[in-house]
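Form predicted on its own, single chain, as structure tokens, below.
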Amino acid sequence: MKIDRETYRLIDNGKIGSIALTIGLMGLVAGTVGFIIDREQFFHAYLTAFIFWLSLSLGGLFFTMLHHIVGARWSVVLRRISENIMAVMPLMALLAVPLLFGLGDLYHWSHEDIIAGNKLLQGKAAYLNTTFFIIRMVGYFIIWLVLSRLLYQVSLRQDKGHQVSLTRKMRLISAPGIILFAVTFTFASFDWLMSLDAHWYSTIFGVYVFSGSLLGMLALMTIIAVTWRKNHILDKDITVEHYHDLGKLMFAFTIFWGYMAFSQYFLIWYGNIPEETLWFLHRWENSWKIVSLVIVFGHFVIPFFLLFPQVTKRRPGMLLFISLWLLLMHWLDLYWLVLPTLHPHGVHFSWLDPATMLGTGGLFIWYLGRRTAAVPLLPTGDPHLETSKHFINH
């Protein structure tokens, strides 16, 4: 990988893009074979993989809007990374299409005969029905695509020369945009994940999924920045001070995720209502109990103690390891949300799990690489760019 120091554009992106595309296509071919062999297993594995990569793109959108709303300066040198991550949204919209053919395999509320014999599902039928589900799904992506596209276009216009109006415009887009994001993300979490078991409900579920998604995006952002550093790209611009702040954010959202997870569990355990506790009981049976414990310690306890010391947050190599670990835990958390609905009595890992992850992930990384190579790696027209380069933690 090489960079033009004057334009901040990559002049050699290496072979990562072609390798990722090859892996992605091979994964999709393997997934197609799996679809023919076992439809239910394929769609549950594909939903897990799809939500994983989509959550990272949505995390990039949220981080970008938050950056503009608060007028952050330290993160200017990192802003283009989050913008490129959110710019993968058109690909994710395309990858959502296969899910439309698997609604019957994923959601029992989509079967009229099941609804006819279930009073609870009949009461939810006005919301949980195939037509309205698809309408909402299209609506979510329209909002996410419009927000990410508008912010991306204005940011690229700013690269041609600073204008106060462009900075203000990105803030004006982000202010209502973050409210729309909160609503759509919450309902999308209800639709795609919580309604896998339509008898169960949790009002905190959307925030729980969001906290894990943003934590995963921060981990991906850190991985990209450290990878650039190892290739001597922006190593003078993205400094140890920025890694320190990324580490602090990952530490904060590790705590926030743990708080949301515990709050959800504690309130349901305390209420002890059978319709609510059954969801957790399925995840505490047989081998699912092991996965639950791994998530508790791997997603919260271990990252908490690793990120707690200041020295850890100022070592890019250590942050790289922690970030890779957090992404693994984010996937396991989503797997824990989805797969017990198919295998309630124990874990049943399938070759379709890595196949769908590599298929969607390969295309995600390939598309992200194309966006990264097409634009400057820094928002060169941002008036606070130099301030961000010389940022120091206090």
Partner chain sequence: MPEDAPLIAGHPTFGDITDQISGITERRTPPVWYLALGAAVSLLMVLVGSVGYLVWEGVGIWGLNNPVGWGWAIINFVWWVGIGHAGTLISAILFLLRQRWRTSINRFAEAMTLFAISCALIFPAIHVGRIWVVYWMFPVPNQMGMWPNFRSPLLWDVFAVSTYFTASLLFWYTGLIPDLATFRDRAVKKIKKYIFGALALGWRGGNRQWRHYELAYLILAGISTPLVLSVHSVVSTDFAVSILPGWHTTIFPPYFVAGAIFSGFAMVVTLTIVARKIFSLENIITVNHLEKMTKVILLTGSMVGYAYGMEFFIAWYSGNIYEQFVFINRAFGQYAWAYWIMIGCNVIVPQLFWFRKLRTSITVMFLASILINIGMWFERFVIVVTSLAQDFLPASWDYYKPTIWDISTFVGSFGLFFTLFLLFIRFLPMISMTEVKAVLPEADPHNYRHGDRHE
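Model, not experiment: these values are computed from the prediction. Positions refer to the first chain, counted from 1.
One more form of this protein, predicted together with the partner chain, exists but is not displayed; see below.
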Could you work out which of P90, P309, G139, P176 is the residue within 4.5 angstroms of the partner chain in the predicted complex, going by heavy atoms?
-> P176
Exactly one of W284, Y201, F101, F297 comes within 4.5 Å of the partner chain in the predicted complex through a heavy atom, and that residue is Y201
Since the chain is shown here on its own, which stretch among 202 to 210, 288 to 296, 78 to 86, 224 to 232 would lie within 4.5 Å of the partner chain in the predicted complex, judged by heavy atoms?
-> 202 to 210
Does at least one non-hydrogen atom of R371 fall within 4.5 angstroms of the partner chain in the predicted complex?
-> no
Closest heavy atom of S263 to the partner chain in the predicted complex, within 4.5 Å or not?
-> yes
is_contact(L120, the partner chain) in the predicted complex, heavy atom dist at most 4.5 Å = yes
May I ask you to check whether V240 falls inside a 4.5 Å heavy atom distance of the partner chain in the predicted complex?
-> no
Counting only heavy atoms and a 4.5 Å cut-off, does the partner chain in the predicted complex sit next to every one of I134, L278 and K389?
-> no
Heavy atom contacts to the partner chain in the predicted complex at 4.5 Å, residues of 224 to 263 in sequence order = D245, K248, Y259, M260, S263
